[in-house]
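This document starts with one chain, in the form predicted on its own, laid out as structure tokens.
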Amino acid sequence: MPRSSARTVIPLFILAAHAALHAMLGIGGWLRPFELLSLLLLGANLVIALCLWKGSWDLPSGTCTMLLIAGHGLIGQRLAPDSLTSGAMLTVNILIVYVGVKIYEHLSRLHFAAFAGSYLILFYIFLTRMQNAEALFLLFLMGLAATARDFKLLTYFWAIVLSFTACQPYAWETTFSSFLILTALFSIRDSNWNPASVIFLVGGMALLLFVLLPVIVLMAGEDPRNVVAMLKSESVRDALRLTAVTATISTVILAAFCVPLAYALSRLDFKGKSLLLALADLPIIVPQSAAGLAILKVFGKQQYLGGIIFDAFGIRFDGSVFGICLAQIFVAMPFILKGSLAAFESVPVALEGAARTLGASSFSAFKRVALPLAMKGVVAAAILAWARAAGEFGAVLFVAPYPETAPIAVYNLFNSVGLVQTAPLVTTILLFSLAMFLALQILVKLAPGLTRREGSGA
């Protein structure tokens, strides 16, 4: 059919069918033929038919709009819960028709199929499976119209839809998690892209975020005013301050002894080395409560060694800051030792040998060659040790429940007031820990630059 004939025949056919069905359904009692909205819809199709006949409206979008108006006038408005929702549904669907026609004309058929399929799925979810969800249907249709031109945007859109329909009551938390995974996925450089790595990345991130979901839910669901109130509490500030100070002191002590030990273990072979490495992992295996009891058994004020230290130096470990540091050192030692050992083992021994042939002493070769090259791994190991020390609960509870560190403060508050009242304190500690850990991670990024500047100035 020639296009000029189509502009005349198709609109007239739709208009005639609309008018005939309007009369028939009115006679049958399905609709009121002289209702204002029904007459306005019939009049709107008459105007569009005239526009198509004059050529002032393109045929595809005009034809689809006429079919939509006719369908709404004959059936759709009867299904809407009220006139306001009926008008909104018609308006939004006209927008959807316009967007669909433009996608069909200017983009690929795959884009159009994704757009049409998305519309049908939204219709099924919100109008078939859910009750009284017309407003949500319209809202998500607007989102579909805004994102359908780009597959990445459409993927983010469907992440929101699934989060708010299938993942209640954790919609916002699931949205955040899915957005993080999609952003990582879409930002992969083409040169590094391969199917196996992408699958491993998505699967690993999904498991990681699933494990962290309780933390995300807790932090997202807490009122910021409660967190501010907690930060104003002197006892909370003291607990956070004590946690940061003792964890830092413990990490410094561990670094002073474990980093040189890790270097020695990476360079020397001797009998019992495997046993020593196995013993270094013992604090990871020992339950926290058992670790606390073992420390008290040796370093308690009433015990032999603990009594000697107290008599000679006036230092007691049970119920003191010294005991907190001792418990933290015990549980955090494997992290800094094994991490530093792996970092030093990655530094070729031949580089130190070359420095020695140029006149450097063994200490100078360690300071100027091995340590700078291993610095990033050593700092990362120290950060893990700090985090492990700051989060220690079981051993500290047995050795020094007072003064309170942050984990002990949470335990005591939970025992006294319960879960709901403890949640603001937990959120505050989580935010504090996250801020500290991010700051320490920045040090890892700066470590290579610091070592380069040190080397250049040597």
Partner chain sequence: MNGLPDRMEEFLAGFFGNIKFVEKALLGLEGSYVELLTILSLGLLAVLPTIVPERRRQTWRRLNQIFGIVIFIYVVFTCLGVFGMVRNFFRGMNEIGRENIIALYYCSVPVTILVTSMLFGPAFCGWICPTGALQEFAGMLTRKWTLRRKLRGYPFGWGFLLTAGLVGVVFLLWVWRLAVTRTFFVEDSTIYWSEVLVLLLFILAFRMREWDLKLRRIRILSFWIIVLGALAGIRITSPVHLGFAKVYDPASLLSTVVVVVGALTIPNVWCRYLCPWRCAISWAARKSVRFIESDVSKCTKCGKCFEGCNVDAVKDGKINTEECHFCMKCVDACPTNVFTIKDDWRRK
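By rigid core we mean the largest C-alpha set that fits within 1.5 Å across both forms. Given the structure is predicted, the values throughout are model-derived calculations rather than measurements. Positions refer to the first chain, counted from 1.
Not on display, but discussed next: the form predicted in complex with the partner chain.
Considering the partner chain in the predicted bound form, the lone stretch of 303 to 311, 290 to 298, 148 to 156, 257 to 265 in range is 148 to 156 [heavy atom distance within 4.5 Å]. Although the partner is absent from this view, Asn132 contacts the partner chain in the predicted bound form, with a non-hydrogen atom inside 4.5 angstroms. Contact check for Thr91: a heavy atom falls within 4.5 Å of the partner chain in the predicted bound form. The partner chain is not shown here, and in the predicted bound form it never comes within 4.5 Å of any heavy atom of Ser118. The partner chain in the predicted bound form is not approached by Arg316, whose heavy atoms all lie more than 4.5 angstroms from it. The contact with the partner chain in the predicted bound form, taken as any heavy atom within 4.5 Å, belongs to Leu107 out of Leu107, Ile216, Ala244, Ala387. Contact with the partner chain in the predicted bound form, judged by any heavy atom within 4.5 Å, is made by just one of Ile125, Ala114, Leu185, Leu138: Leu138.
Counting a residue when any of its non-hydrogen atoms is within 4.5 Å of the partner chain in the predicted bound form, the hits in 85 to 102 run Thr85, Gly87, Ala88, Thr91, Val92, Leu95, Tyr98, Val99, Lys102.
Core-superposed comparison between this form and the one not shown: the Cα of Glu345 travels less than 2 Å. If you fit the rigid core between this form and the one not shown, you'll see the Cα of Tyr263 move by less than 2 angstroms. For Phe414, a C-alpha deviation below 2 angstroms is recorded between this form and the one not shown after rigid-core alignment.
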